[in-house]
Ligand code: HEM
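Only one chain comes next, encoded as structure tokens, the form predicted on its own.
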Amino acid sequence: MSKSKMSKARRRKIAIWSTFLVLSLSLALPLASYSIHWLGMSATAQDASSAVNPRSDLWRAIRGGEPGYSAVKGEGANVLVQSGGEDWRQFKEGALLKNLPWAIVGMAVLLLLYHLFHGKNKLVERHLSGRMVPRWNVFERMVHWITAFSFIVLAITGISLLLGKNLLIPVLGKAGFASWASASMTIHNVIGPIFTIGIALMIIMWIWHNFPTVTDLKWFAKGGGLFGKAHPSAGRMNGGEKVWFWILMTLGVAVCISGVILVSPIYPQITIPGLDAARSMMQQASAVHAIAAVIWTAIALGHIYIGTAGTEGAIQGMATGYVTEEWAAQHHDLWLEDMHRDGKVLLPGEPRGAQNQRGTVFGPEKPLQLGTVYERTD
């Protein structure tokens, strides 16, 4: 039987379809294998997700503080993972402590604007009589200045530790900041107890002069002499000084107590019942310490400004212990009346302390007109 020859057109058609089939299979077979593999993995993952993994539950419980057993004794001995530290880190890095320090910047800006547009609160009476009034004794001034300098050191080192990672590392570098942070921690821990003693002494010395009265309401109603032309009456402590004192009594005491809790492990002499290695209490104290200290620092800027650059003659009282009669009449006229009545105003040319021996003798000079409302002329 003879074989018929295949036409060229048919051979060409067979070649084309053969090539197409080979190419199609070369693509389809790998894709099919990938599809089978994917379906198998998906089914496995679905089975795994539907099953309960006991190890996941174990670590979830550990992260939540579920106690177990360990040979170590003491607080948290049977807790494998202490979550409080991580909680505090997240809190510290949160919006609260990131935004709260802006209160210090805001206060500084307000004081700068006030000083630029209003200027220093000057004395109305420019002709001084020469009479001096004792305002702070030596012990009061010593306690104030030690506490004030301690406050400044603690504020600088504390803010460095709280915000230094973001503010100081770009300036000092990691190694430089590490050295500064270590020094700041040591300084903070040493100065802190001294500062706490100073705050306690201030409370004992001045609490009797800082209870609010009706006069304080009138003082606030007239803006404390910071705005307008009126200088409202005040006793030894005016309304603003009393507010500062009670801020010291609240925020200041909170900072001191929380600070004592934080440094107690490194000072064996400090014994607080129930505080033996109380890690959770120290974590809470750390949060209170940071928040109260930042708010207190912002308010303290106002106190520092008013007592130095903001009020003419104010710094003289805490520097020397005496203020001029004109300053006392303008800012604390009711207190000046009492000082005149008790014969404690120092006459011109008298040595300091002489008023304590001479009783109620005033001398020939006529005292200032007291109990009046003074008007600014500047």
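In case it trips you up, residue 1 is the first one in the sequence shown, and so on. None of these values were measured; they are calculated from a predicted model.
Only in words, not in the display: the form predicted together with the ligand, which the text now covers.
- Heavy atoms within 4.5 Å of the ligand in the predicted complex map, among the stretches 100 to 108, 119 to 127, 238 to 246, 213 to 221, onto 238 to 246 alone.
- Shown without its partner, this chain lists Met185, Ile169, Ile291, Ile304 as candidates; in the predicted complex, only Ile304 has a non-hydrogen atom within 4.5 angstroms of the ligand.
- This chain is drawn without the ligand; in the predicted complex, the residue among Leu162, Leu262, Ile199, Ala298 with a heavy atom within 4.5 Å of it is Ile199.
- Using a 4.5 angstroms limit between non-hydrogen atoms, Ile152 touches the ligand in the predicted complex.
- When contacts are judged by a 4.5 Å heavy atom cut-off, Ser258 does not count as touching the ligand in the predicted complex.
- Residue contact check for Trp145: one or more of its heavy atoms lie within 4.5 Å of the ligand in the predicted complex.
- Contact between Phe177 and the ligand in the predicted complex is not found at the 4.5 Å heavy atom cutoff.
- Residues Arg135, Trp136, His144 are the members of 112 to 144 with a non-hydrogen atom no more than 4.5 angstroms from the ligand in the predicted complex.
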